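Below you will find one chain, with nothing else, as structure tokens; this is the form predicted alone, and questions on how it binds or moves follow later.
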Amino acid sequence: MKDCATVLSAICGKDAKDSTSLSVPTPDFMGALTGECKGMKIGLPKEYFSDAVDPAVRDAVLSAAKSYEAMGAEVAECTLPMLDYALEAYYLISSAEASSNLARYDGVRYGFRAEGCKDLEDLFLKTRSEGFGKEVKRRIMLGTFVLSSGYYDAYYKKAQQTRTLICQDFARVFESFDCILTPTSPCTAWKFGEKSADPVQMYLADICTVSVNIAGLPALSMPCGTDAAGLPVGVQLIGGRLRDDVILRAAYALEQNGKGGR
């Protein structure tokens, strides 16, 4: 956690060359690493602990929750009703952004450029065919579809509306809790290449983490135990907007308690 705090201290703050950076005070990240979490309120969203979550993962995360209680934190169940739609909203929005943002990679201005092209159209086709992998092409195609005339309102607009509702859910929860504790993934790692032919199954593995991306929240993942096969289980801590210092404090306390690892 000290490494995370050091890096955040260096990269946070307004960057004159980055229009997306925020001009807000930078918290004392190193100062947040006190090693204690007494008095903190930690929420356990019931949607993250459904039957779809592997029992070994659920047990390891709940064990981490008990460790927080032993350290003096208050742990209680909460609910995020719109979370059931987060995965679909995320992949629609991110694919639409991929479709628009990656259009600039045409082999003319920068990036990879295919060789042996007979004309401009051939340059575009070969550059994108050779330069983008299967997953990138898949997301560009999906994004182009959801942004196309006749489908924009039905898909992209609805996904953005869902995003707003998810943000509201999180904002409501953070009125009562300092941070949220969840699994990082509903299962432990699968064998290399085991699910490469089934992208939907791979997308489902992101169900616990995509919500923070569309809600614009800080989150931290760290090991919290292993399953019967010795594979690591990850726990995720989610904080309120711009409250990276809070989740660093909670994560460091768990790490010092011996429940979290590198």
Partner chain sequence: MKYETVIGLEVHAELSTKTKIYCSCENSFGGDTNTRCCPVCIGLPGALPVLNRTVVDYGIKAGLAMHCSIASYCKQDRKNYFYPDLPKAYQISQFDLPLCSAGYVEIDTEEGMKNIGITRIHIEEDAGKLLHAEGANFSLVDYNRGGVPLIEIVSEPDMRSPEEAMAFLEAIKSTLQAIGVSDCKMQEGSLRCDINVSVRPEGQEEFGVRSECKNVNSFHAAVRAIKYERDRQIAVLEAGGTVEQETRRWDDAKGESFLMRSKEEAHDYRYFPEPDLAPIYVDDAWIEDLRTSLPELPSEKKKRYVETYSLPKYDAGLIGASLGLSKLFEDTVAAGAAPKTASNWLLGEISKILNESMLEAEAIPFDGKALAELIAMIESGAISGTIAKQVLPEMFAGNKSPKQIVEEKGLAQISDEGAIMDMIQEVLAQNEAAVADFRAGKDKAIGFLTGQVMRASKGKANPGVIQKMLREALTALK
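Values in this document were obtained by computation on a predicted structure and should not be read as measured data. Each form is matched to the other, and the largest set of C-alpha atoms that superpose within 1.5 Å is called the rigid core. Residue numbers count along the first chain shown, from 1.
Form predicted in complex with its partner chain: not shown, discussed below.
The listed set 91, 177, 105, 155 contains one residue whose heavy atoms approach its partner chain in the predicted bound form to within 4.5 Å, identified as 105. With a 4.5 Å cutoff on heavy atoms, residue 97 counts as touching its partner chain in the predicted bound form.
In the predicted bound form, its partner chain sits beyond 4.5 Å of every heavy atom of residue 85. Although the partner is absent here, residue 23 is not a contact residue: none of its heavy atoms lies within 4.5 angstroms of its partner chain in the predicted bound form. When its partner chain is considered in the predicted bound form, residue 144 lines it closely, a heavy atom lying within 4.5 Å.
Taken together, the three residues 138, 203 and 229 all stay farther than 4.5 Å from its partner chain in the predicted bound form, as judged by their closest heavy atom. Here the chain stands alone, but in the predicted bound form its contact with its partner chain, taken as any heavy atom within 4.5 Å, falls in 119-127 among 167-175, 182-190, 69-77, 119-127.
Residues from 59-77 do not approach its partner chain in the predicted bound form: none has a non-hydrogen atom within 4.5 Å of it.
Once the cores line up, the CA of residue 191 ends up less than 2 angstroms apart between this form and the one not shown. Positional change of residue 113 between this form and the one not shown reaches 2 Å or more at the C-alpha, relative to the superposed core.
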